[in-house]
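Let's start with one chain on its own, the form predicted alone, as structure tokens.
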Amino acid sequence: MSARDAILARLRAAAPRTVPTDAQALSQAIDHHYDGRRAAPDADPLAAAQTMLAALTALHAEAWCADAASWPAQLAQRLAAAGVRRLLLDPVRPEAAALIEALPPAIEAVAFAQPIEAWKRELFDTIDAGFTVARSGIAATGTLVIAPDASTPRTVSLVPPLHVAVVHAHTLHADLHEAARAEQWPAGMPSNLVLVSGPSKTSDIQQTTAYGAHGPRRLWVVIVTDAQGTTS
């Protein structure tokens, strides 16, 4: 038996004897597959946050956990220390409003209040950072799930050299399958759902990794727990 035949024989032997043909049965089979691969939920309520934190760090993002009361002041202090002077955000969002309250006078909060064509040069030349609130997160891969809208378009997380994101610990999912199922993605996907894992990077040229080629060079993520440092 050739090596090719041996490989094909193993694949055929491992293939399921019957394959579901209708959508519901296929969906159940996929759920069963991923449920079997997934470890039992950890008793520690912060386990998902710690997994998310480790994955983001491995991806060259700067991430930390903070409780709901202290994260705005912590983030404002870091922004000031990093020399940020103009921060793009949606001031209507509760998280953005809390951050604005904590910002020092030297940092200006800027809303995306006009078409990009009207202030493209200002946007590209003077905005130091963009602030977004993730819809959820995928702990296993350190991925932010962001749903852009009119007040926080994709530009906010794409153009400024620093992308700052907040994700609430209670919205973290173990993996992509759990996120899709828990948030019922098949029932109605938004027109633009963005998955962000680490700063923008590419290895297109001589396979040398370069950051900031197609988007933000830096990614900061605040994983927000509740006031007691738990996720409940």
Partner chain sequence: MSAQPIHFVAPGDFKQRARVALDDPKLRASFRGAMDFLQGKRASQFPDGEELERLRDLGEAVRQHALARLPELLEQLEAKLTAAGVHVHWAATADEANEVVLGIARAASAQRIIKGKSMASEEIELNHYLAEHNIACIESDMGEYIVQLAGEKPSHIVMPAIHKTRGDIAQLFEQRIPDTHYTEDVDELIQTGRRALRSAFVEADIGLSGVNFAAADTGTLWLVENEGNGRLSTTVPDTHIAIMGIEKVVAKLEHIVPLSSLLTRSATGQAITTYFNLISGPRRAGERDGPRNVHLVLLDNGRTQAYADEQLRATLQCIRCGACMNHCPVYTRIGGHAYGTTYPGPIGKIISPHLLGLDATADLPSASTLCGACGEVCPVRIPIPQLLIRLRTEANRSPDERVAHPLRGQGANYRVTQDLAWRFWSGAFAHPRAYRAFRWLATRMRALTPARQMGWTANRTPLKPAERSLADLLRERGQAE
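It should be emphasised that the depicted structure is a prediction, and the values quoted were computed from it without experimental measurement. Residue numbers count along the first chain shown, from 1.
The next section is about a form of this same protein that is not shown, the form predicted in complex with its partner chain.
> Only one of 50, 70, 197, 57 has a non-hydrogen atom within 4.5 angstroms of its partner chain in the predicted bound form; which is it?
Replying inline: None of the other options qualify; the answer is 197.
> So, in the predicted bound form, is residue 113 in contact with its partner chain at a 4.5 angstroms heavy atom limit?
Replying inline: Judged by the heavy-atom cut-off of 4.5 Å, residue 113 is in contact with its partner chain in the predicted bound form.
>> With a cut-off of 4.5 Å between heavy atoms, is residue 117 one of the residues that contacts its partner chain in the predicted bound form?
In response: The answer is yes: residue 117 has a heavy atom within 4.5 Å of its partner chain.
>> I'd like to check something about residue 173: if you look in the predicted bound form, is any of its heavy atoms closer than or equal to 4.5 Å to a heavy atom of its partner chain?
In response: Contact with its partner chain, no.
> Is there a heavy atom of residue 177 lying 4.5 Å or less from a heavy atom of its partner chain in the predicted bound form?
Replying inline: Residue-level check for residue 177: yes, a contact with its partner chain.
> Can you name the residues of 141-167 that have a non-hydrogen atom within 4.5 angstroms of its partner chain in the predicted bound form?
Replying inline: Heavy-atom contacts to its partner chain in the predicted bound form: 141, 143, 150, 151, 153, 154, 155, 157, 158, 159, 161.
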